[in-house]
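The chain that follows stands alone, in the form predicted alone, written as structure tokens.
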């Protein structure tokens, strides 16, 4: 392989997780390259709303991962030397019915017991915190006051701005086409821009992880769906005090029952007054990049249901990106059994909140051969997967 493309470590995927990992590896003194088939943040990392939330954590194994990572945000901007637009706000998880209310009581108690501030609020108390919500549409809300939001683009570039002077080599529009393996050990990757050699390869490739695994006969249980969002024109006369999510959803059929748009509501307001609205999901193993015709309608219905004052807001644009999940709601983190030198850090339930710690974990796996910061055994690739504590499946006829 060409000498100029020889590195200690290759990180594949330049989203928030990949940028964090690349920074930590470069800071550890390793000659590191970061590769992406498109540009920085081109996938789900650049399409999300910037919610840094722990209230939706998988309860069985992920609380130490999420809480430890969330604590890092207090000093992250100072460490990276760049304003990240991170601020702590509350998240109101709206509960429209008695059934939703009763179903959330156990989760709220479990979160509070784990040290994640969380309380159940009746509708009148919700309206006091967030006057824009129509209290007649809800039974109440699960309120997590110590949650946050961030500008994901500033976060990714903050990592890179620190990492590049440390020697990180960034290669965008460089698609991996295969792996170089010798005697069960990874030696590098083949790409559309030539060969890259390294003794260690870290995949932070989210929705594309499964396809990469198939290149070397691996069947990693990472599943995808398309998540859509949209943004309004600035609404300077309105001020949303919290981040909003909902417990219910609507299903709209596009081409029959097997082609469904599943809409939940995620809502926050930018510093410039724009409302960011998500999320309409198109389940199915799909990497198709075009937003469906129904996604904006589904999101508008959900928004108008709880926030009538936003029904007249004008939209600027909408977008979609493939994202991932696993059956048990836990990420895949750790070495690939049978392929020495190949490490996965992917399928996080919420990438943003896990971003700081993901970099530390990967750096320890590479430099120490083990993870000391937390116990990652529940996230091993060869684990037996149960069912997630919150999980849904909708069949889709959309081809990938």
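These numbers were taken from a predicted model, which means no experiment stands behind them. Positions refer to the first chain, counted from 1.
We do not show the form predicted in complex with a small molecule, though everything after this point is about it.
The partner is not drawn, yet in the predicted complex one stretch among 129-137, 109-117, 75-83, 222-230 has residues with heavy atoms inside 4.5 Å of the small molecule: 222-230.
At a distance threshold of 4.5 angstroms between non-hydrogen atoms, residue 35 is in contact with the small molecule in the predicted complex. Shown alone here, residue 44 lies within 4.5 Å of the small molecule in the predicted complex, counting heavy atoms only.
Within 4.5 Å of any heavy atom of the small molecule in the predicted complex lies no heavy atom of residue 295.
Put simply, residue 168 is far from the small molecule in the predicted complex: not one heavy atom of it is within 4.5 Å. Interface residue among 201, 206, 94, 163 relative to the small molecule in the predicted complex, by the heavy atom within 4.5 Å criterion: 206. Of the residues 154, 305, 100, 175, just one reaches the small molecule in the predicted complex with a heavy atom at 4.5 Å or closer; this is 175.
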